[in-house]
Each structure stands twice: as C-alpha cells, then as structure tokens.
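A single chain, nothing else alongside it, follows as structure tokens in the form predicted alone.
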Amino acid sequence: MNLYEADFNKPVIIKNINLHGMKKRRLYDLGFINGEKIVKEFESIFKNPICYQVKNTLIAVRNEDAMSIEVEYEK
C-alpha cells in the first residue's frame, strides 16, 4: 500500500520510498525514513496536498509523492 491510500489517524510505517534525487533527499531530511511511523492527519480543500505527522511535526506532501512511498499499518 502507499502513503496516499492510508486511512486518516491510523499510524503506518514506511517500508520504502520510490523517489530519486532531490525529492527523496528532501523527504529524508524531513524525517521520512524507513521504519518511521507516520499518521495521515489533514487534507486541503482540494485534497492535494495532504498533511502527515512525522516525529511530532506536520508536513504537507503532494499526492503524487505520497503515492511513491510504500507503507504498512503499524502492528
């Protein structure tokens, strides 16, 4: 499953980020690393971008980028 498909307010764990270059580096810098817990919190009026909580910080991610982040539900 990808991050975009995750349910609101249900923690997921990052398994893989299928991006390259500066986009991948920027997400790493913001705390999007393998094994990190993320929670889908809010969406904008037009549903793009969506706000995710990572390490007690809210970060807006475009849907096309969120679709490139593989996650699974926290057990």
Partner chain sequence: MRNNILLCGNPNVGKSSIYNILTHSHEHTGNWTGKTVELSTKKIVGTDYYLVDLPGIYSLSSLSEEENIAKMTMLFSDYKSIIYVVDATQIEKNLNLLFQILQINKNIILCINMIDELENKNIKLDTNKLSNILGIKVIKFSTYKNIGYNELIEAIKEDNYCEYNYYYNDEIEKHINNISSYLPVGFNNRYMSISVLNKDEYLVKYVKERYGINLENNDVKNYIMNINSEEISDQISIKINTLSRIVTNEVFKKSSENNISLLDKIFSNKIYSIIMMTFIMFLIFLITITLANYPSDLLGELFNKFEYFIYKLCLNFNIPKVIYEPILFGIYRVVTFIISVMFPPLVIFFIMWTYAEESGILPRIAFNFDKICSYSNCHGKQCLTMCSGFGCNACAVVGARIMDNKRDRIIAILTNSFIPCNGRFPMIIAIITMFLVNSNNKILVSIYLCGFVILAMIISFLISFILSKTILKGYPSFFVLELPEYKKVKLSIILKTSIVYKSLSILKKAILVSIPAGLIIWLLTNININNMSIFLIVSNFLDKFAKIIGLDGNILLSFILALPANEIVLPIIIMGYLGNSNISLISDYMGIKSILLNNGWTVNTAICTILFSLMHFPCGTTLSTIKSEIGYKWAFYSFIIPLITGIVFLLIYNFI
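Being a predicted model, the structure only gives us computed values, none of them experimental. Numbering follows the first chain given and starts at 1.
The following text describes the form predicted in complex with its partner chain, which does not appear among the structures shown.
- request: Consider residue 58 of the chain shown here, and say whether it contacts its partner chain in the model of the complex, taking contact as heavy atoms within 4.5 Å.
  value: So residue 58 counts as contacting its partner chain.
query: Is residue 10 close enough to touch its partner chain in the model of the complex, meaning at least one heavy atom pair within 4.5 Å?
result: Contact with its partner chain, no.
query: Even though its partner chain is not shown here, does residue 67 get within 4.5 Å of it in the model of the complex, heavy atoms only?
result: No, residue 67 sits far enough from its partner chain in the model of the complex that none of its heavy atoms falls within 4.5 Å.
- prompt: Across 32-60, which residues bring a heavy atom to within 4.5 Å of its partner chain in the model of the complex?
  reply: Contacts from 32-60: 33, 34, 35, 36, 41, 42, 43, 44, 45, 46, 47, 48, 49, 50, 51, 53, 55, 56, 57, 58, 59, 60.
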